[in-house]
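Same chain, two versions here, written out as structure tokens and called structure 1 and structure 2.
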Structure 1
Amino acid sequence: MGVKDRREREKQQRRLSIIEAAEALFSELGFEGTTMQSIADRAELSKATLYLYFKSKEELYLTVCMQGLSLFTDRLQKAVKRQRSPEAKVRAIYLAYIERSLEDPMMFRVLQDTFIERIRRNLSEETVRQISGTIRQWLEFGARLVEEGKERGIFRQDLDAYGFSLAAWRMATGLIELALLSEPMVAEPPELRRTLERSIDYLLKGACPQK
């Protein structure tokens, strides 16, 4: 039945437009700061309609988080493919993460929330497993690149590959957070941009000259 199909498509469309509106608002105002009314307004639907698609504000939030993950994955994969050497790949993936985050701060922020204890508490085990699983995959991918680099003598032999991945990821994330603040707190935007770009070199080359 074409009618049924159309109905189904419209329903999916509605669902997407709710998610889109929610993402924008959650990332800008946070979970508590966002009201169902504001999401409904932005999606040009009534508040009650939201509850036909998501059984609570909570569930809508989770849906938004999950959707964001795949967008990051896509970008990082592309970035990596263009490079040959492990070092270049690490650098590329690092910078792609930064770029993607600055491009779509909303998604970045919503995802960061999943690392905040009090928000995670509201997520189902399944959800947490899915999110952390995906992130772990990236980190392991990064670790493999480092291992490869170690084998080729590009990276120090005593480097802990996974730990290094973790450190790089957290450093990037932390600096991006600063860069996304609406008003600078401890550093000005241009300074932060420069630091963001150079930060991977702090990690790769170190602060101390070596003999």
Structure 2
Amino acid sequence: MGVKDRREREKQQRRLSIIEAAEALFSELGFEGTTMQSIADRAELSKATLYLYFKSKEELYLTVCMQGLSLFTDRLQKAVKRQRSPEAKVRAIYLAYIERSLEDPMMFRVLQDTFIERIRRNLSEETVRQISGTIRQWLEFGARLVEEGKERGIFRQDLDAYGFSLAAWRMATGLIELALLSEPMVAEPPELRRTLERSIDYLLKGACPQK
């Protein structure tokens, strides 16, 4: 390996270390509580070096979020590909979102900050637009699956496809937040896990025509 290749590899590794440090701190302290200095300290770099890679805390926050969203998107797409019926696809994408969130709680918490109004006021319109736009793409994808189910007579004709997708996402998100608490207080872990797995069935039952 030549000197140029080695330097490029070191540069990429340094950038990855910065992103990993930022993700951990944004999860622990939130956007407001995290500083560029604390990220530099966690990554064991100087603050000046940090600014060679990212011009601001917001740029770094956006990078962390978009990287996390990309991983979520990959998981959701893979889950759907393994299913054939619209109902099975809806269930698969819902459960894949839950599983991915529980596997990477740091990223889940970072992304949830973007839906806190106080945090949004500290972010640029472009940052909010990019993050919200990607999540809206997920919801529109879910809505298309619901529309497919309506066309095939699986789901009720009066069902609001996008509304169903939105409600499913927020229901899953709320249950994940409970599951990630050290002491949820309102449910024991086994009970909460069963509810996570069954919650999509509650939604799908309401979405199907009454027999």
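This one's a predicted model, so the numbers in the text were calculated from it and none came from an experiment. Rigid core: the largest C-alpha set superposing within 1.5 Å between the two forms. Residue numbering: sequential along structure 1, first residue numbered 1.
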Original post:
The form predicted in complex with the DNA: 1 or 2?
Top reply: 1
**OP:** Give the rotation angle, in whole degrees, of the smaller rigid part relative to the larger one between the two structures, based on C-alpha superpositions.
**Re:** 20
Original post:
How many angstrom apart are the two C-alpha positions of residue 31 between the two structures, if you fit on the rigid core?
Top reply: 3.7
**OP:** Superpose on the rigid core and then read off how far the CA of residue 47 has moved between the two structures, in Å.
**Re:** 5.3
